[in-house]
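There is one chain below, alone, in structure tokens, taken in the form predicted on its own.
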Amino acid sequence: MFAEAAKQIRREHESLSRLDCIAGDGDHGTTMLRTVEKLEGTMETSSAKTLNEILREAGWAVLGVDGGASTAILGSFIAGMGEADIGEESDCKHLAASFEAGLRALLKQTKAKPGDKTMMDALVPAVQAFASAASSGKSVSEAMKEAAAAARAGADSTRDMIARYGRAKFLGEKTRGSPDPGATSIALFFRGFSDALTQMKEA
């Protein structure tokens, strides 16, 4: 899943940086490249014996990437995922619990919420959509498709928002008219997650 998410980021990193030029430093795409490289490297070389340990280790590795709020949010979420009882062959409900644990951990670290034009506008609806699909008995692949669609819709919705969090909030009305780069990155992550599960299903 994370390998496919990395492919999405590599494909779109230039557009992410262009989006970030509007209200940021124009380096979000580069930051996300460093983030996925750190994620992949950690998961490939980790000596952890359980999925929980790997997720916690990967999350802390992302937190160590110098990327401001975006890496802090993503790292906290991934590390938090490792706090749930996942099991070695995670089913839909276990993965939903892991996503929800990640979101709970993140909410302890940030005051940002949907509507603030941040990563949370894509992440919160994605987690909620996955949990809803899991509770209704859908497969992991089906649930992830719904989560990816919710993340994309959430990211697209930020186009008409005014930033209310971080440095961008000082630009006010100038932040309206383009989607938030962080939320767009989250949508790319979930698209990658969905693609990976679809490929596994078809294999």
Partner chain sequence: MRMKKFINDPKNLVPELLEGFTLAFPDRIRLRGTNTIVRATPKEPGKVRVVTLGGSGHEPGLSGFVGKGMLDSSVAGEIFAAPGAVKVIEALREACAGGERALLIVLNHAGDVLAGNIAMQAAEREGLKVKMVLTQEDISGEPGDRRGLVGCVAVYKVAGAAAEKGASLDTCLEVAERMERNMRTLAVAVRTATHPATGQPIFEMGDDEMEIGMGQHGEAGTGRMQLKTANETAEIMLEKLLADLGVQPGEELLVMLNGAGATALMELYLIFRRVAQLLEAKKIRLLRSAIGEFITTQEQAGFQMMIARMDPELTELWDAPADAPFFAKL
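Positions refer to the first chain, counted from 1. Nothing here was measured: the structure is a model prediction, and the numbers come from that model.
The same protein also exists as the form predicted in complex with its partner chain; that form is not shown, yet it is the one meant from here on.
Only one listed stretch (152 to 160, 42 to 50, 135 to 143, 62 to 70) carries heavy atoms within 4.5 Å of its partner chain in the predicted bound form, and that stretch is 62 to 70. Residue contact with its partner chain in the predicted bound form: G177 places no heavy atom within 4.5 Å of it. Proximity of S76 to its partner chain in the predicted bound form falls within the 4.5 Å heavy atom cutoff. Although the partner is absent here, D25 sits close enough that one of its heavy atoms falls within 4.5 Å of its partner chain in the predicted bound form. Shown here without its partner chain, the chain has only R34 in 34 to 56 lying with a heavy atom within 4.5 Å of that partner in the predicted bound form.
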